[in-house]
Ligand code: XMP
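Just one chain follows, in the form predicted alone, and it is written as structure tokens.
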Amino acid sequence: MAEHIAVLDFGSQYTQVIARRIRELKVLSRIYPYNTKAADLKQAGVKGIILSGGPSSVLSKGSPRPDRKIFQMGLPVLGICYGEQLMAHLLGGKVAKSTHREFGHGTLTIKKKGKLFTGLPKKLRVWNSHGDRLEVLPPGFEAIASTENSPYATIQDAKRNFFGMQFHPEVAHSEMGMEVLGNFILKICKCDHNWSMANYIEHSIKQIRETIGDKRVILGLSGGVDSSVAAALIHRAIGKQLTCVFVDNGLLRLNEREQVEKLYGDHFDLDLRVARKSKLFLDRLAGVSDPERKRKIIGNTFVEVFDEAVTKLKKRGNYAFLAQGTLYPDVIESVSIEGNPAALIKSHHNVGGLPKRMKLKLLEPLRELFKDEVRELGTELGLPKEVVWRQPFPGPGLGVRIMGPIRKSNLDVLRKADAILHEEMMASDLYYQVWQSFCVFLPVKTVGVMGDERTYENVVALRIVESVDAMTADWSRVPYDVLRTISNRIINEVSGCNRVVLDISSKPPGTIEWE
């Protein structure tokens, strides 16, 4: 396997951030469960190991421990926060509860630069998040930096290339954190700058061709970023051996099916099959208000429709693979291991599920990429900006943006309103600056006056948020004149709506979507 840095995950909220920072250095990183065997890491081609932070205390019974043999592999090891305490504890040092917990900014005073702090100033502002601290160093270690409340804020065993730091270099709050990680990855682990999209495309195409051979591939195309990029990559590798299935569930945005057909059928010359099943979905959703029931009905019906399309294709051709746009965070979140220290491990709709039913092998060409890398890959493959930078859209579509029962008349109102919002966000150059901007149909009617007549019509809410990763979000401060234009257009152009409101809730406590 390709040479890379292994990040052992002890449940830190920053584990994925560590992996991303390494990739920003043009070095491949992979996240492994904390208890991965040293023999498996060696076989995988690891050049260095990072022990992540985590919510546990090394003083607690049952707190997560790595395979001790990782310290006998002859590889550089860097422990961050819990990772430093854990390494010190396992190698003969002593950890204790700190009398002064360190959360937030602190000043790191560097006493000895060595390889880890080469080229850095003697003082740095760093980000701490810990309640324990190291009190006695393990044999062979020395302290090379301290903070206000931690005399062993950074330690090293230069002979074995073991390093530990109490602060978090991976977060943006830590000054010159990337330089610290760069020194470990590039100078100590001696990794090459060879992780690039050009190399990834070349490697992936070769791997896809070797895997598929003369067989054929089916891909469920949603029009979203992940499935679009997966389709473009696989198509470049095997051309007409790929068939894409697009399900029109009646819950799409205005003219979305036509746009997908034009882009992928005409521009990319993909073998695209469209399953027009609007009536089936809407009939099954009739009268259903509960959001979870909606999701289950939509999900189960999708599987049924897609299964039917796959069965028809398999009768006509040598289809052996099902392709999915699974991303690396999906894979990480879906790994379920007994005793995993992370606070939340969730299953993901893209990881597993369909293949066993359909007797198809799974092809996931994006499973090593983060979202921003997928966008970069899509750009390299020639996908237009409106696809690569499309905002997230829920799998159940407009079904979870209509509060209450789903009716065709309400869908028409929501589609037209949403299209106006999209047009005005694009026109004001705001669409690509926010995380998501969409309309929600509310199951209430309010009094209005249009001309000289009294109206009693529906309400549409605008949800426009800014976020980095959708874990947290805040409502976007869209200029008033833009909001005024959006509101005026919706009320004047969309029959059935006489009031527009703005959602100014943050996440938490509110979620981005309403259902």
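We number the residues from 1 along the sequence you see. In this text, all values refer to a predicted model and were calculated from it rather than measured experimentally.
One more form of this protein, predicted in complex with the named molecule, exists but is not displayed; see below.
Although the partner is absent from the chain shown here, A470, K507 and I512 each have a heavy atom within 4.5 Å of the named molecule in the predicted complex. Only one of the listed residues (K111, R209, R295, R284) places a non-hydrogen atom within 4.5 angstroms of the named molecule in the predicted complex, and that residue is R295. For the candidate set P384, G299, P151, P392, a heavy atom within 4.5 Å of the named molecule in the predicted complex is found for exactly one residue, namely P392. Heavy atoms within 4.5 Å of the named molecule in the predicted complex are found in exactly one of 114 to 122, 192 to 200, 140 to 148, 394 to 402, that being 394 to 402. For Q436, a non-hydrogen atom is located within 4.5 Å of the named molecule in the predicted complex, even though that partner is not displayed. Residues of 163 to 200 that come within 4.5 Å of the named molecule in the predicted complex, judged by any heavy atom, do not exist; none qualify.
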